[in-house]
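The data below hold one chain only, encoded as structure tokens and taken in the form predicted alone.
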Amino acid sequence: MKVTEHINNAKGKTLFSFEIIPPKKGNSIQELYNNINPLMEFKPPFIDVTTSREQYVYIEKGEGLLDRKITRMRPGTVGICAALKHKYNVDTVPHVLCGGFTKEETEYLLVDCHYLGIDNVMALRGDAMNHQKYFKASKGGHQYAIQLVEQIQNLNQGKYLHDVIEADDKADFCIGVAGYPEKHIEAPSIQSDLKRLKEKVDAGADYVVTQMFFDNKKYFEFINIARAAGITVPIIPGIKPIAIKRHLQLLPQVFKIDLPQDLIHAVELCKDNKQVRQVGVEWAIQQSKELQNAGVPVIHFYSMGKSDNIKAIAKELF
């Protein structure tokens, strides 16, 4: 079932969803199941599974020489989506990236998703590689998320890249895209960023999931200006509970977001990360309650592979 269908069927009730990251190569999927199991009591209608792009690793060749190889440390997104769908009877949303994929590889991935009965995809540009200052498309790949949305929408209409095919069984993907309440780090202004978002929606995106934020005022302002810009699709808030003291520096640096002073002060008073984790849970509960009271369609949690704090938050809400 599509994400938008889940939202419509809920008839105004706020739904619970979360995002997971695939295990590193060589690790068992059981660790993933162990983190998902405690969250299934809250009946998530869908679970997002991230995709990692390629990165360079250096392998010693001897005599002080290094061989540079390209690899993916967390492959298996589509396989994990299929496994979760089968194990939990839940819809899954694989993240599909521009970065690291050619258009042909993207088409093959989408065809696999269609065969597996996966109805939803999250279309993202992705980040630059570690050695790049700015994002650069792979040879034969997309530079912008809107191009990825257009490719998915073309497939929904039975239009493949190179082949003339009379499609009897067209895909019908529900397409999610990212939104940024505090603007994308590369956007010159929030107005410019909203223009790009509107273009993605006009190209076929069905819903938006926001980047994490810690001040609900940012989300509500974003909703108002997005609606004023003509963006009418559901906009799902993304929530991440702070878990370690270093998040005070890391999150603003990586995501270019502001943290409320009250939250900063509470974290700075903590003696250890156990206390920080509790502060993060309590802050996220208050955030989520306000969002729930405002009637948001879904609250989407960034779990980053851990479930204990997400479960503590969900118990107070769902």
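The numbering used is simple: start at 1 and walk along the sequence shown. The model shown is predicted, which means the values in this text are computed figures rather than measured ones.
The discussion below concerns the form predicted in complex with a small molecule, not included here.
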Item checked: Heavy atom of Y180 within 4.5 Å of the small molecule in the predicted complex -> yes
Checklist line | Distance check, K240 to the small molecule in the predicted complex, heavy atom within 4.5 Å | finding: no
Check: N273: heavy atom within 4.5 Å of the small molecule in the predicted complex?
Finding: no
Check: Is H114 close to the small molecule in the predicted complex, meaning a heavy atom pair under 4.5 Å apart or at it?
Finding: no
Margin query: Is the small molecule in the predicted complex close enough to R277, S303 and A314 that every residue in that trio has a heavy atom within 4.5 angstroms of it?
Written below: no
Note to self: Just to be sure I understand the contacts: of A171, L109, A187, L84, which is the one whose heavy atoms reach within 4.5 angstroms of the small molecule in the predicted complex?
What the structure shows: A187
Check: Just one of N216, N156, S138, T210 has a heavy atom within 4.5 angstroms of the small molecule in the predicted complex, so which one?
Finding: T210
Next item on the list: Sort through 84-92, 217-225, 242-250, 117-125 and report the only stretch with a non-hydrogen atom within 4.5 Å of the small molecule in the predicted complex.
Entry: 117-125
